[in-house]
Ligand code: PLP
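First comes one chain, alone, set out as C-alpha coordinates in the form predicted alone.
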Amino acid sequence: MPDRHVDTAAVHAGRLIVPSNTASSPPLFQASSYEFSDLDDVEAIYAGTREGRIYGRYGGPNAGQFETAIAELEGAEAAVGAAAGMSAIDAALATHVVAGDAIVATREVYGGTYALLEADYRGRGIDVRYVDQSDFEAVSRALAGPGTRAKVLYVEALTNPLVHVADLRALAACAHDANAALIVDATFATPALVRPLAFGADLVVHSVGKYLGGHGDVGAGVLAGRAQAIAEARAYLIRRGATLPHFEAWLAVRGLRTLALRMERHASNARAVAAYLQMQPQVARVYHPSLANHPQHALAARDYAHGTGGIVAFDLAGGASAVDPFLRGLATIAIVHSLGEVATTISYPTVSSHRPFPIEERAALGVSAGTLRISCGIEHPSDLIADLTRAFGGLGERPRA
(Lines give C-alpha, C1' and ligand atoms only; values in the text may rest on other atoms or scores of the structure.)
Protein backbone atom coordinates (compact mmCIF):
# COMPACT_ATOMS: atom_id res chain seq x y z
CA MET A 1 0.00 0.00 0.00
CA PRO A 2 1.60 3.37 -1.01
CA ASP A 3 2.18 6.06 1.56
CA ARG A 4 -0.98 8.07 2.15
CA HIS A 5 -1.69 11.37 3.77
CA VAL A 6 -2.70 10.98 7.40
CA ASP A 7 -6.18 12.32 6.55
CA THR A 8 -6.69 9.36 4.22
CA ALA A 9 -4.83 6.84 6.37
CA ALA A 10 -6.99 7.66 9.40
CA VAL A 11 -10.10 6.74 7.42
CA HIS A 12 -8.76 3.51 5.93
CA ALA A 13 -6.13 2.30 8.42
CA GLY A 14 -6.47 -1.10 10.08
CA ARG A 15 -8.25 -4.22 8.96
CA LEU A 16 -10.87 -6.30 10.70
CA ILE A 17 -9.61 -9.85 11.03
CA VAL A 18 -12.53 -12.26 11.03
CA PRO A 19 -11.41 -15.44 12.85
CA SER A 20 -11.49 -18.65 10.86
CA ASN A 21 -13.08 -20.39 13.85
CA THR A 22 -16.58 -19.46 15.01
CA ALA A 23 -17.31 -17.31 18.06
CA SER A 24 -19.15 -19.21 20.79
CA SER A 25 -21.63 -16.32 21.11
CA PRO A 26 -22.99 -14.43 18.09
CA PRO A 27 -20.94 -11.32 17.24
CA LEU A 28 -22.74 -7.99 16.83
CA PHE A 29 -22.75 -6.48 13.33
CA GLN A 30 -23.46 -2.81 13.96
CA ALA A 31 -22.71 -1.62 10.40
CA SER A 32 -25.40 0.43 8.67
CA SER A 33 -24.08 -0.20 5.14
CA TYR A 34 -22.00 -2.74 3.22
CA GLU A 35 -19.46 -2.66 0.38
CA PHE A 36 -19.91 -4.37 -3.00
CA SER A 37 -17.04 -5.79 -5.04
CA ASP A 38 -18.50 -4.78 -8.42
CA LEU A 39 -21.84 -4.22 -10.20
CA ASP A 40 -22.35 -7.96 -10.67
CA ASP A 41 -22.13 -8.26 -6.90
CA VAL A 42 -24.69 -5.46 -6.53
CA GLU A 43 -27.16 -7.18 -8.84
CA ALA A 44 -26.72 -10.61 -7.25
CA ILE A 45 -27.20 -9.37 -3.68
CA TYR A 46 -30.21 -7.20 -4.52
CA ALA A 47 -31.75 -10.11 -6.41
CA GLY A 48 -31.10 -12.48 -3.50
CA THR A 49 -29.08 -14.95 -5.56
CA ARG A 50 -25.96 -14.22 -3.50
CA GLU A 51 -25.78 -13.93 0.28
CA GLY A 52 -25.03 -10.36 1.30
CA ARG A 53 -26.33 -7.25 2.99
CA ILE A 54 -27.24 -3.86 1.57
CA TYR A 55 -28.22 -1.26 4.15
CA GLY A 56 -29.40 -1.19 7.74
CA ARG A 57 -33.05 -0.61 6.87
CA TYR A 58 -33.05 -3.84 4.85
CA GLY A 59 -31.87 -5.82 7.87
CA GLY A 60 -28.49 -7.03 9.04
CA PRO A 61 -26.85 -10.34 9.91
CA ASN A 62 -28.09 -10.29 13.51
CA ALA A 63 -31.67 -9.77 12.39
CA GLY A 64 -31.22 -12.61 9.93
CA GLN A 65 -30.03 -14.93 12.68
CA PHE A 66 -32.97 -14.02 14.93
CA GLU A 67 -35.47 -14.45 12.11
CA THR A 68 -34.07 -17.87 11.24
CA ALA A 69 -34.26 -18.89 14.90
CA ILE A 70 -37.90 -17.82 15.21
CA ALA A 71 -38.84 -19.60 11.99
CA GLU A 72 -37.25 -22.79 13.33
CA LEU A 73 -38.95 -22.48 16.73
CA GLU A 74 -42.36 -21.73 15.21
CA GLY A 75 -42.10 -24.38 12.50
CA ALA A 76 -42.53 -21.63 9.89
CA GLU A 77 -41.18 -21.27 6.37
CA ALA A 78 -39.84 -17.79 7.24
CA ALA A 79 -39.92 -14.97 9.77
CA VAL A 80 -39.17 -11.26 9.75
CA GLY A 81 -38.20 -8.99 12.61
CA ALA A 82 -39.69 -5.56 13.20
CA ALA A 83 -38.81 -2.46 15.18
CA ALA A 84 -41.61 -3.12 17.69
CA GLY A 85 -44.37 -5.58 18.39
CA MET A 86 -46.86 -3.07 17.00
CA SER A 87 -44.83 -2.82 13.78
CA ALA A 88 -45.08 -6.60 13.40
CA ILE A 89 -48.84 -6.53 14.00
CA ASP A 90 -49.27 -3.67 11.53
CA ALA A 91 -47.26 -5.50 8.86
CA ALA A 92 -49.29 -8.68 9.38
CA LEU A 93 -52.60 -6.83 9.01
CA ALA A 94 -51.68 -4.31 6.32
CA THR A 95 -50.46 -6.97 3.91
CA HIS A 96 -53.82 -8.75 4.07
CA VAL A 97 -56.38 -5.94 3.80
CA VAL A 98 -57.14 -2.89 1.68
CA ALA A 99 -59.85 -0.24 1.85
CA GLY A 100 -63.25 -1.88 1.74
CA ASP A 101 -62.10 -5.09 3.44
CA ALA A 102 -62.91 -6.18 6.99
CA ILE A 103 -60.95 -7.46 9.98
CA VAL A 104 -62.51 -9.57 12.72
CA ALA A 105 -60.57 -9.23 15.97
CA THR A 106 -60.93 -10.67 19.44
CA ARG A 107 -62.71 -8.22 21.71
CA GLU A 108 -59.91 -8.91 24.23
CA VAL A 109 -57.28 -7.51 21.89
CA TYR A 110 -54.28 -5.73 23.45
CA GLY A 111 -54.90 -2.02 24.00
CA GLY A 112 -52.18 -0.95 21.57
CA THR A 113 -53.68 -3.16 18.87
CA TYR A 114 -57.14 -1.77 19.64
CA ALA A 115 -55.80 1.76 19.19
CA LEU A 116 -54.16 0.77 15.89
CA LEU A 117 -57.38 -0.78 14.58
CA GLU A 118 -59.55 2.12 15.68
CA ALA A 119 -57.32 5.08 14.83
CA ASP A 120 -55.62 3.77 11.69
CA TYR A 121 -57.43 0.88 10.06
CA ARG A 122 -60.91 2.34 10.38
CA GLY A 123 -59.48 5.58 9.00
CA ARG A 124 -58.23 3.68 5.95
CA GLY A 125 -61.74 2.49 5.16
CA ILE A 126 -61.42 -0.94 6.73
CA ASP A 127 -64.32 -2.37 8.73
CA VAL A 128 -63.25 -3.69 12.14
CA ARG A 129 -65.52 -6.13 13.99
CA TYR A 130 -64.88 -7.35 17.53
CA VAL A 131 -66.03 -10.74 18.73
CA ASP A 132 -65.69 -13.16 21.63
CA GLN A 133 -62.99 -15.49 20.31
CA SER A 134 -64.45 -18.39 22.31
CA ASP A 135 -67.86 -18.09 20.60
CA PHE A 136 -67.24 -19.83 17.28
CA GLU A 137 -70.72 -19.16 15.90
CA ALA A 138 -70.26 -15.45 16.56
CA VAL A 139 -66.80 -15.60 14.97
CA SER A 140 -68.22 -17.22 11.82
CA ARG A 141 -71.04 -14.68 11.60
CA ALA A 142 -68.60 -11.79 11.96
CA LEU A 143 -66.33 -13.23 9.28
CA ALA A 144 -69.27 -13.56 6.86
CA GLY A 145 -70.71 -10.10 7.36
CA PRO A 146 -72.76 -8.03 7.51
CA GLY A 147 -71.46 -6.35 4.40
CA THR A 148 -67.94 -7.18 3.33
CA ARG A 149 -66.61 -10.65 4.06
CA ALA A 150 -63.58 -10.38 6.37
CA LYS A 151 -60.06 -11.07 5.12
CA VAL A 152 -58.48 -11.53 8.56
CA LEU A 153 -59.36 -13.16 11.88
CA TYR A 154 -57.03 -11.74 14.53
CA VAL A 155 -56.86 -13.45 17.94
CA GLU A 156 -54.58 -13.78 20.95
CA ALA A 157 -53.37 -17.21 22.03
CA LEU A 158 -53.54 -16.11 25.68
CA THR A 159 -55.42 -12.87 26.19
CA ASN A 160 -54.34 -9.80 28.12
CA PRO A 161 -54.94 -9.56 31.06
CA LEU A 162 -57.46 -12.31 31.89
CA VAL A 163 -55.48 -15.12 30.20
CA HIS A 164 -58.33 -16.61 28.22
CA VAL A 165 -57.13 -19.45 25.99
CA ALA A 166 -57.89 -19.43 22.26
CA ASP A 167 -58.95 -22.72 20.68
CA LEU A 168 -56.63 -22.29 17.72
CA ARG A 169 -57.80 -25.38 15.86
CA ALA A 170 -61.42 -24.25 15.93
CA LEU A 171 -60.55 -20.65 15.07
CA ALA A 172 -58.40 -21.76 12.13
CA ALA A 173 -61.35 -23.74 10.81
CA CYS A 174 -63.64 -20.70 11.17
CA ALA A 175 -61.17 -18.46 9.36
CA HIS A 176 -60.41 -20.85 6.52
CA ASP A 177 -64.07 -21.70 5.97
CA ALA A 178 -64.52 -17.96 5.32
CA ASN A 179 -61.36 -17.72 3.16
CA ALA A 180 -59.78 -15.48 5.78
CA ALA A 181 -56.28 -15.59 7.25
CA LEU A 182 -55.86 -16.45 10.93
CA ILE A 183 -53.28 -14.20 12.59
CA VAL A 184 -52.35 -15.07 16.18
CA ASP A 185 -50.60 -12.88 18.72
CA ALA A 186 -48.73 -15.47 20.80
CA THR A 187 -46.66 -13.04 22.89
CA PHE A 188 -47.87 -14.48 26.21
CA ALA A 189 -47.20 -18.06 25.14
CA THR A 190 -44.03 -18.04 22.97
CA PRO A 191 -43.16 -21.13 20.88
CA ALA A 192 -41.94 -22.77 24.09
CA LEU A 193 -45.59 -23.27 25.10
CA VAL A 194 -47.61 -23.24 21.86
CA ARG A 195 -46.92 -23.05 18.13
CA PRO A 196 -50.02 -21.58 16.47
CA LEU A 197 -48.95 -22.52 12.93
CA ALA A 198 -49.17 -26.19 13.92
CA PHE A 199 -52.85 -25.59 14.82
CA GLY A 200 -53.61 -24.06 11.44
CA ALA A 201 -52.78 -20.37 11.91
CA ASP A 202 -51.42 -18.48 8.91
CA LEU A 203 -49.24 -15.98 10.76
CA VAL A 204 -47.99 -15.68 14.33
CA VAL A 205 -46.75 -12.41 15.83
CA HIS A 206 -44.80 -11.61 18.99
CA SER A 207 -43.72 -8.59 20.93
CA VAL A 208 -40.06 -9.57 21.36
CA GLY A 209 -39.53 -7.29 24.34
CA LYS A 210 -41.65 -9.60 26.45
CA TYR A 211 -40.78 -13.29 26.94
CA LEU A 212 -38.65 -13.84 23.82
CA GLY A 213 -36.13 -11.21 24.91
CA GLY A 214 -36.89 -11.88 28.54
CA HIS A 215 -34.73 -9.25 30.22
CA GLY A 216 -36.65 -6.00 29.76
CA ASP A 217 -34.04 -4.51 27.43
CA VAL A 218 -35.36 -5.16 23.92
CA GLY A 219 -37.86 -3.19 21.84
CA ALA A 220 -38.77 -5.33 18.83
CA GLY A 221 -41.38 -7.52 17.16
CA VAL A 222 -41.43 -10.54 14.88
CA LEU A 223 -43.89 -12.40 12.67
CA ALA A 224 -43.61 -15.88 11.17
CA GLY A 225 -45.50 -17.89 8.59
CA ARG A 226 -45.37 -18.87 4.92
CA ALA A 227 -42.50 -17.47 2.87
CA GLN A 228 -44.68 -15.42 0.52
CA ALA A 229 -46.59 -13.73 3.33
CA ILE A 230 -43.35 -12.96 5.17
CA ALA A 231 -41.75 -11.54 2.00
CA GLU A 232 -44.70 -9.16 1.64
CA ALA A 233 -44.47 -8.17 5.31
CA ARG A 234 -40.70 -7.63 5.00
CA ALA A 235 -41.17 -5.32 2.01
CA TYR A 236 -43.83 -3.39 3.97
CA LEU A 237 -41.50 -2.98 6.96
CA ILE A 238 -38.58 -1.90 4.76
CA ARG A 239 -40.69 0.77 3.06
CA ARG A 240 -41.65 2.15 6.47
CA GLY A 241 -38.24 1.96 8.08
CA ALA A 242 -39.63 -0.42 10.70
CA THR A 243 -37.22 -3.34 10.37
CA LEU A 244 -35.39 -4.90 13.32
CA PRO A 245 -32.31 -2.92 14.49
CA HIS A 246 -29.01 -4.78 14.82
CA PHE A 247 -28.45 -4.47 18.57
CA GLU A 248 -32.03 -5.42 19.44
CA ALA A 249 -31.69 -8.49 17.22
CA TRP A 250 -28.47 -9.43 18.99
CA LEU A 251 -30.13 -9.05 22.41
CA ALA A 252 -33.14 -11.04 21.25
CA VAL A 253 -30.97 -13.98 20.17
CA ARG A 254 -29.30 -13.89 23.58
CA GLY A 255 -32.72 -14.06 25.22
CA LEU A 256 -33.87 -17.00 23.09
CA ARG A 257 -31.06 -19.18 24.39
CA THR A 258 -32.73 -19.40 27.82
CA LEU A 259 -36.35 -19.26 26.63
CA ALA A 260 -37.33 -22.83 27.50
CA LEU A 261 -35.85 -22.66 31.00
CA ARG A 262 -37.39 -19.28 31.71
CA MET A 263 -40.85 -20.22 30.47
CA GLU A 264 -40.85 -23.32 32.66
CA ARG A 265 -40.18 -21.18 35.75
CA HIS A 266 -42.56 -18.39 34.68
CA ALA A 267 -45.34 -20.97 34.31
CA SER A 268 -44.66 -22.79 37.57
CA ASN A 269 -44.46 -19.51 39.51
CA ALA A 270 -47.76 -18.40 37.97
CA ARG A 271 -49.43 -21.61 39.10
CA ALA A 272 -48.15 -21.09 42.63
CA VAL A 273 -49.16 -17.43 42.74
CA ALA A 274 -52.62 -18.15 41.31
CA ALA A 275 -53.24 -20.87 43.88
CA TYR A 276 -52.13 -18.51 46.67
CA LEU A 277 -54.27 -15.59 45.45
CA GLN A 278 -57.34 -17.81 45.25
CA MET A 279 -57.11 -18.35 49.01
CA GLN A 280 -56.91 -14.65 49.98
CA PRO A 281 -60.05 -13.00 51.40
CA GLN A 282 -59.06 -9.63 49.85
CA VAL A 283 -59.27 -11.18 46.35
CA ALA A 284 -62.63 -11.46 44.60
CA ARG A 285 -61.44 -13.51 41.61
CA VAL A 286 -58.26 -14.95 40.11
CA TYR A 287 -57.63 -15.53 36.41
CA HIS A 288 -55.19 -18.26 35.37
CA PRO A 289 -55.84 -21.35 33.20
CA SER A 290 -54.29 -23.68 35.78
CA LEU A 291 -57.28 -23.05 38.07
CA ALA A 292 -60.21 -25.44 37.75
CA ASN A 293 -62.72 -22.56 37.61
CA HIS A 294 -61.05 -20.94 34.61
CA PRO A 295 -63.38 -21.13 31.56
CA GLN A 296 -60.68 -22.72 29.36
CA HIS A 297 -59.04 -24.92 31.99
CA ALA A 298 -59.65 -28.12 29.98
CA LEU A 299 -58.55 -26.51 26.71
CA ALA A 300 -55.33 -25.32 28.34
CA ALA A 301 -54.65 -28.80 29.68
CA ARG A 302 -55.12 -30.17 26.16
CA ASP A 303 -53.04 -27.66 24.18
CA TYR A 304 -50.47 -26.36 26.69
CA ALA A 305 -48.50 -29.33 27.95
CA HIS A 306 -45.79 -27.09 29.44
CA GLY A 307 -48.01 -24.54 31.17
CA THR A 308 -49.78 -21.36 30.19
CA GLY A 309 -47.13 -18.79 30.93
CA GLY A 310 -46.43 -16.37 33.70
CA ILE A 311 -49.40 -13.99 33.65
CA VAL A 312 -51.90 -14.02 36.51
CA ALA A 313 -54.69 -11.47 36.89
CA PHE A 314 -56.89 -10.90 39.91
CA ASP A 315 -59.64 -8.61 41.13
CA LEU A 316 -59.22 -6.95 44.48
CA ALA A 317 -62.39 -7.27 46.54
CA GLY A 318 -62.00 -3.65 47.62
CA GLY A 319 -62.12 -2.44 44.01
CA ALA A 320 -60.36 0.71 42.85
CA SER A 321 -59.89 2.06 46.38
CA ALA A 322 -57.76 -0.95 47.32
CA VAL A 323 -55.39 -0.74 44.33
CA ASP A 324 -53.08 2.05 45.46
CA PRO A 325 -52.54 0.82 49.05
CA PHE A 326 -51.94 -2.70 47.76
CA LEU A 327 -49.32 -1.53 45.26
CA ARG A 328 -47.63 0.63 47.87
CA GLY A 329 -47.27 -2.43 50.09
CA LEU A 330 -45.14 -4.35 47.60
CA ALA A 331 -41.38 -4.39 48.13
CA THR A 332 -40.03 -6.99 45.71
CA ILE A 333 -42.61 -6.78 42.91
CA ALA A 334 -42.26 -3.53 40.95
CA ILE A 335 -44.95 -1.63 39.06
CA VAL A 336 -43.96 -2.04 35.41
CA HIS A 337 -46.28 -1.54 32.45
CA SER A 338 -44.81 -4.38 30.46
CA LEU A 339 -44.28 -8.08 31.14
CA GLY A 340 -42.19 -11.16 30.50
CA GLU A 341 -39.03 -10.12 32.34
CA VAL A 342 -37.00 -12.33 34.65
CA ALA A 343 -38.18 -10.13 37.53
CA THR A 344 -41.78 -10.32 38.69
CA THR A 345 -43.75 -7.16 37.94
CA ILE A 346 -47.29 -5.91 38.36
CA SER A 347 -49.44 -3.55 36.30
CA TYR A 348 -52.81 -1.85 36.61
CA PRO A 349 -54.58 -2.40 33.25
CA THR A 350 -57.04 0.45 33.77
CA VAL A 351 -54.23 3.01 33.47
CA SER A 352 -51.83 1.06 31.24
CA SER A 353 -52.60 -1.72 28.74
CA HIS A 354 -56.35 -0.97 28.67
CA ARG A 355 -56.17 2.82 28.86
CA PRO A 356 -57.23 3.12 25.15
CA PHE A 357 -60.53 1.31 25.82
CA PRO A 358 -63.64 3.27 26.82
CA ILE A 359 -64.74 2.51 30.38
CA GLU A 360 -67.81 0.57 29.25
CA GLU A 361 -65.65 -1.56 26.92
CA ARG A 362 -63.27 -2.43 29.76
CA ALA A 363 -66.22 -3.39 31.93
CA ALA A 364 -67.66 -5.59 29.19
CA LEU A 365 -64.32 -7.37 28.89
CA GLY A 366 -64.28 -8.09 32.62
CA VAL A 367 -61.40 -5.71 33.34
CA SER A 368 -62.60 -3.81 36.37
CA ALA A 369 -61.16 -0.88 38.27
CA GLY A 370 -59.87 -3.43 40.80
CA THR A 371 -58.11 -5.72 38.29
CA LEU A 372 -54.35 -6.15 38.60
CA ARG A 373 -52.01 -8.19 36.39
CA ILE A 374 -48.91 -9.96 37.67
CA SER A 375 -46.13 -11.06 35.34
CA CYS A 376 -44.42 -13.80 37.33
CA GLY A 377 -40.65 -13.83 36.93
CA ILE A 378 -38.13 -16.52 37.74
CA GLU A 379 -37.55 -15.78 41.45
CA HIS A 380 -38.30 -18.35 44.12
CA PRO A 381 -42.08 -18.50 44.55
CA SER A 382 -41.89 -18.25 48.35
CA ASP A 383 -40.45 -14.74 48.06
CA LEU A 384 -43.18 -13.65 45.67
CA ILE A 385 -45.87 -14.96 47.97
CA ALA A 386 -44.23 -13.27 50.96
CA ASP A 387 -44.29 -9.94 49.12
CA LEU A 388 -47.94 -10.33 48.18
CA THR A 389 -48.74 -11.25 51.79
CA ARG A 390 -47.13 -8.00 52.98
CA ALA A 391 -49.20 -6.02 50.49
CA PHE A 392 -52.44 -7.70 51.54
CA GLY A 393 -51.54 -6.99 55.17
CA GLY A 394 -51.51 -3.28 54.47
CA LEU A 395 -54.90 -3.01 52.81
CA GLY A 396 -56.44 -1.78 56.03
CA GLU A 397 -54.01 1.16 56.22
CA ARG A 398 -54.72 4.59 54.77
CA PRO A 399 -52.75 5.22 51.55
CA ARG A 400 -49.98 7.78 51.79
CA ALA A 401 -50.76 11.21 50.33
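Numbering starts at 1 and follows the sequence shown. Remember, predicted model here, so these are calculated numbers, not experimental data.
As for the form predicted in complex with the ligand, it is not shown, yet the points below apply to it.
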Sort through 179 to 187, 272 to 280, 300 to 308, 251 to 259 and report the only stretch with a non-hydrogen atom within 4.5 Å of the ligand in the predicted bound form.
179 to 187
So in the predicted bound form, is the ligand close enough to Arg234 to count as touching (4.5 Å, heavy atoms)?
no
Is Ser207 close to the ligand in the predicted bound form, meaning a heavy atom pair under 4.5 Å apart or at it?
yes
Taking heavy atoms and a 4.5 Å cut-off, does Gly85 contact the ligand in the predicted bound form?
yes
Is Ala220 one of the residues lying within 4.5 Å of the ligand in the predicted bound form, judged by heavy atom distances?
yes
Check, residue by residue, if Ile89, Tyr110 and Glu156 all come within 4.5 Å of the ligand in the predicted bound form, counting heavy atoms only.
yes
